[in-house]
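Let us start with two forms of the same protein chain, each given on its own as structure tokens and named structure 1 and structure 2.
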Structure 1
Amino acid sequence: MSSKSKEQIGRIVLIAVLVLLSLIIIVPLLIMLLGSFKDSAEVTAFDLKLPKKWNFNNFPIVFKEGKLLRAFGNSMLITIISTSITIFVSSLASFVLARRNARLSRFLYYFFFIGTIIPMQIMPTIRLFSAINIYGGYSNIIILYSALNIPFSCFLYTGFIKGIPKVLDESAFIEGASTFKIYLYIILPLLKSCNITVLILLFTGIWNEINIPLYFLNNPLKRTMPLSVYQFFGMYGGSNWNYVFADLTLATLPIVILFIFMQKQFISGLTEGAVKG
């Protein structure tokens, strides 16, 4: 056998193996999707058989019972505001951290860096929010997500801004522009690709996270998507897995649709975060 055809066979075997592996990813998600159309008896087999009858009405029931619209709105509100705050204050701070090479700015850089590694202290933070009377609502969670995500975002922005030449800022400064004006009119427009990276990183991270809402939301009406999904599972996991699957499917849909339309940005965004960080 020539080495060419040997290579060809090797490639075919590799593709076959990868197809099988990709099924390992797809099958669990397919069980969820198919299960969401079944009735409560049929779903308990948890298999890949197509539903005997496609129960589309699982979705409106779950949508109402699971209060998904409200949860979606809550998640949107929390994610969008905390992401915006984080992007704004981090890029602002990073502009100075990237430009100054003084001892203080290097210290601040490493100081922020600590926040990317160590886990937060939960109960003292709750006490702090109680003391200033905002514990349990939207605002404490938005502030907290911002505080938790600023370190990593600063890290990314600082690295990115270091790659932008200083010449522009200096000429603007000579013409009398303040630091903020330089940031606003010169740096910010150049941050587009870094903003997309940080946006995707923070959006998926906050959207999917459950630990913080568990501790910091005490009003059932303010539940985020992952929290509402878990509570819904607690209510129906014993009796109606078709509803649970329908709920999971609906909760998965928004981010997966976003992912399908923005694959490139997602993959490069989530990984650039790691590589540059």
Structure 2
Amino acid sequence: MSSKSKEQIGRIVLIAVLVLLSLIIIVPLLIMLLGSFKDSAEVTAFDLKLPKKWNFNNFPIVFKEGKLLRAFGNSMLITIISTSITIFVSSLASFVLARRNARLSRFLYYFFFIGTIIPMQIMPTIRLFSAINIYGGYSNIIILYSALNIPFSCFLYTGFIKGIPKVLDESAFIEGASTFKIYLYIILPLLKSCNITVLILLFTGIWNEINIPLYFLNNPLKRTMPLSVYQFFGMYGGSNWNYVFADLTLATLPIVILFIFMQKQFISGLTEGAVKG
């Protein structure tokens, strides 16, 4: 068998494996989406058949009973602020780490690496936030999300910034620009694709996260979308799966819209970071 034939066979096998892996994700999503338009009896089949009658009234019922408007606002507030803080802090820190070849910079780089490995300890963190009197509010969960995501974001930004020529920094420095101005007006605009990649990763992770809000938000009025889905499942999961699927569909809709509009920049950011890193 020629090398060309082996290459074609390998490519076919790879495509088949990718299709099967895609189906593992796509099929449950289709069951959820179609089930959100079915009635309570038809949805129990959990199949891919189209609804006999499209019940669009499932969504207004879910929106009202699940109090999704408040939960949506809470999730947007927490996710946007946490993501913005993480992107700004990690990109600025990575600029320094990538440009300064000193022992302290290398130490901090590996220090951030440790942050991606060590898991968060829930009870000590709760005691800490209680001691400084921020436990249960928006601020404690925003700080926590930012702290958890900064280490990984620094790795992405550092690899990307290392591929940006240092001559740009030196030219601006000669012209009298400060370090922060070099970051703000030269480096940050060049990080557009990397910013979008980090944005999608952070937005998706924070929006879908349930454990941290479950432990660190003690006020029902501050619950996020995943907590709303969790509570709604407890109310209707045994009998009305059509409502549960409609609730899940509404909860995942912002992530789907974000990825649809930014998928090209997301993919280019990953590939550019891989090449430059």
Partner chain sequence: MRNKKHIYSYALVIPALVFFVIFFIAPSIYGIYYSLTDWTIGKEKVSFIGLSNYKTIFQSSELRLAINNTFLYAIVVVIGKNLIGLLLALAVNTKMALRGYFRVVFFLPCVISTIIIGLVFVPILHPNGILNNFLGAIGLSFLQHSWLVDTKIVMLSIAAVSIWQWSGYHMVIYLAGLQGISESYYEAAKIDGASAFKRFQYITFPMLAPTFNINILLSLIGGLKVFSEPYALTNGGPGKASQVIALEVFSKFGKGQWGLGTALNVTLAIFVLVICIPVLHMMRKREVEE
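Whichever C-alpha set is largest while still superposing within 1.5 Å between the two forms counts as the rigid core. None of the values given here were measured: they were computed from a predicted structure. Quick note, the numbers are simply positions in structure 1, starting from 1.
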Fill in: Panel number for the form predicted alone
2
Worksheet item: For L18, what C-alpha shift in Å is seen between structure 1 and structure 2 once the core is overlaid?
Response: 8.2
